[in-house]
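Shown below, as structure tokens, is a lone chain in the form predicted alone; questions about how it binds or moves come after it.
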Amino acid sequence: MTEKSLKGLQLDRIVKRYKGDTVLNGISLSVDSGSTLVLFGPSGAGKTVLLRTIAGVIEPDSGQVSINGQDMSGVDPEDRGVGMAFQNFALFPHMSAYKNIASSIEVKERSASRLDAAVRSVAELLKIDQVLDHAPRALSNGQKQRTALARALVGSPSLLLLDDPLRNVDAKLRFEMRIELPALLAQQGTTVVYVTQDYKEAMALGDTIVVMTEGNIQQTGTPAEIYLSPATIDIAKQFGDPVINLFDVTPQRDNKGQYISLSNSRIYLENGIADLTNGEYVLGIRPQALRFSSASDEESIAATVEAVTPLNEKTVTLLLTAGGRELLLSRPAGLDDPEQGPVHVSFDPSAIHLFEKDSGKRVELINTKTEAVA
């Protein structure tokens, strides 16, 4: 374990059960000091329970939480040096924004001038210094969210826990905060664990993403690793818009090697791939990996345009392959591409994903190529 990681967060085999149901099933992970880890997954995955366990609000049935190299067993929440903000803001309705922010440090900070300076500094950083005298009822959702975040940040915690804090704010503020938060957190130098169900937030904010399902970790990696090499079909479907194209396939073999048929074309699998013939798999191609091409393109496949949907910055086209399977193609808006009738599309074969049909697990592909069937 590196010196850097000793100053962050470590979880060792955390288990939590409620009435016989396992909510956290031996969770182990680490977060380096000053970095942001995103817990991503659907409702019921155990993300919030894990966050509250780190904070000390919930005691695990077994396992160890360590912050900055110190075992937190028996340490009260207020003594862990942790800041926390929730999706519902959780502001005191009878207090002004100033008092809400100050409430997290006024017990420890005896100096009124230092407390005032800390509150005003973080409020200015989050652009709410002009509403510090307002009660929560007089604040917009965006201002409430920033006030809750300011309260979590004001004490310069070594660890900041954010439980889906942008979920209840409007789309414009979510977009702005995806841009502003990374810079803000980097400026604070705080270690962050961030919970979200929004893959765009996970990709924008996380140095590392942990994908959880039903109390288990399914995959851990950088945003690029999660997107480019999803460990399972479910993860591939959760990251990306439009959703990844998926087809049931049965690899075959001819004198050139193993291949998968798609719209009367053969996608060959090469370079050390295990024998997949006689097995059932799922082929995945992201809509962004497809492009319109000419029939003379050796790597093209035949299709028919069924519908075209403009979506502001991009256009999504629904295609039907020669075998009648639906295929989504996404491209930047404004391109002069066909909107009806027969077409040919191609893709970089290295962009395909292959999964075991039964388990949903990813099959690693070394290299691929596509050839038309005569």
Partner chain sequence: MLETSPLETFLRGVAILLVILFFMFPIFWIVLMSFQTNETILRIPPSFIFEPTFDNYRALITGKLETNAASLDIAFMRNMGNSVLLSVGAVLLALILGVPAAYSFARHKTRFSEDIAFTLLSFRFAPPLLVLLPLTIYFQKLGLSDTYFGLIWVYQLICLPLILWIVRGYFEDISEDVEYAYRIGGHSWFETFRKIAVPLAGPGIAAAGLLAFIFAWNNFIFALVLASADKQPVTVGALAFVTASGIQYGQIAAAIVLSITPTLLLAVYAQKYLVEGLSLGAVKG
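Because the structure is predicted, anything quoted here is derived from the model rather than measured. Numbering follows the first chain given and starts at 1.
Keep in mind that the form predicted together with its partner chain is not shown, yet the notes after this line are about it.
By the 4.5 Å heavy atom rule, the three marked residues Arg167, Arg178 and Thr213 all fail to count as contacting its partner chain in the predicted bound form. For the chain shown alone, Asp76 is a contact residue for its partner chain in the predicted bound form, at least one non-hydrogen atom being within 4.5 angstroms. Using a 4.5 angstroms threshold between heavy atoms, Asn88 counts as touching its partner chain in the predicted bound form.
When its partner chain is considered in the predicted bound form, Val305 lies well away from it, no heavy atom lying within 4.5 Å. The closest heavy atom approach of Gln252 to its partner chain in the predicted bound form falls outside 4.5 Å.
Interface residue among Leu327, Val345, Val31, Ala55, judged by heavy atoms within 4.5 Å of its partner chain in the predicted bound form: Ala55. Just one of Ser104, Ser96, Ser261, Gln143 comes within 4.5 Å of its partner chain in the predicted bound form, counting any heavy atom, and that one is Ser104. Residues placing heavy atoms within 4.5 Å of its partner chain in the predicted bound form fall in a single listed stretch, namely 55 to 63, out of 345 to 353, 312 to 320, 55 to 63, 32 to 40.
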